[in-house]
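Here we start with a single chain on its own, the form predicted alone, put down as structure tokens.
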């Protein structure tokens, strides 16, 4: 009895001193075999996915067994029965065993008697079993059985602790490798006074200081002089102290004086009692992306200025051309029509400038053209449609078409004497070939003379032929007795 108590004590010492699961299990087998005088024992671990038992540790067995052999969890095996029934199984002589099948390798090894004791982890989770074998017939008595049950009860929590420790080591190692490989992520830890205590490889790669140079320094060394002067470094840790986390998105300083743009955060680290332990600072070096964005913004601003200047000059040039035309051609109808078209193009250029890009909204184009000729108020004129932007090339041609339709409506159609109605509607459709804009211009309540119905001029030719050629559009133009019906379709981006 005293010897077995000593075995339990010795195993407890081994379990406390070692984190090696295989070493602890092999020592457990050696001690239990010695305590029961068999010199042979093993631990079998359940492999749930394979539904097998792996001989993980053992003493007294040939090298090809321990660490290699796997037994199927057969319903007729004593091992499976012991685990499922959660109680020991004793076989005094396998030659007389009729309840269970005995694995062939045990017969070949000369095993005669055996005792199986299940091992459970905390929470009742089955881990496997402890098996003691003897090459002689043996009646494992109640004292033997209780000792083995006690031994297995101690084994369960020990195994659980070692499995958790191994999983933690694996997780820590993966984290360490991940952190060391992420050299564009600066990671550092500071104490409650914000002095650097840990300086990981990513921080060294991003900021240039080695761990020996950085540890012990205030984390303010990575802040720019202007941020230190305005207290940005203190604001960051104080915010993290109060709120748990603070953003860290700004330019920082390297050891060589160059600047890097960091996107990250500062988090407060606290112990179980809530006491502040320090700060964790994690940030990614996005300097190249930041500089590219700044260059894009600068280029976009320059382009916007250039486009605005070009459009301004275009309007001025159109004004000069209109003035020259007026002086040259006089005041007859042809000159007036020519000047009106130039003014329509000038209005289009003005809208392009107003939108600040090389596109303009079709609704603004329609309203501008109508406003230049008539007072647009429902129900005389109904305008509806979604926001759709046309390119500068489309704007110029489309504006001329709108101008011709509007001019015609003012002279002969729905906008002439206040009795007609005009409905302008547009919509966007989608197909495999892309998006298309469809605008309909419908006049009603108009009384045209027979000669007006058959007339054909520049405006109609522009709509029916010019748009098809210039914008790959498709048009339908019908001049009926009650006014114009026109449909314009063209591809848009």
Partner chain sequence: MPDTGKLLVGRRILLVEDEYSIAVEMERWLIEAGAKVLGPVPSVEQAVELIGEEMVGLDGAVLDINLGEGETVYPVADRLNELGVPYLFTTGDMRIGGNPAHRERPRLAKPVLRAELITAIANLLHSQARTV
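Being a predicted model, the structure only gives us computed values, none of them experimental. Numbering follows the first chain given and starts at 1.
Although it is not shown, the form predicted in complex with the partner chain is what the next lines describe.
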property	result
Contact assignment for the partner chain in the model of the complex, among 465, 70, 447, 435, heavy atom within 4.5 Å	465
Contact assignment for the partner chain in the model of the complex, among 195, 393, 87, 136, heavy atom within 4.5 Å	393
The partner chain contact at residue 427 in the model of the complex, heavy atom, 4.5 Å	no
Contact label in the model of the complex: residue 50 to the partner chain, heavy atom within 4.5 Å	no
Interface membership of residue 14, the partner chain in the model of the complex, 4.5 Å heavy atom rule	no
Interface membership of residue 470, the partner chain in the model of the complex, 4.5 Å heavy atom rule	yes
Candidate stretches 263-271, 396-404, 125-133, 239-247, one within 4.5 Å of the partner chain in the model of the complex by heavy atom	396-404
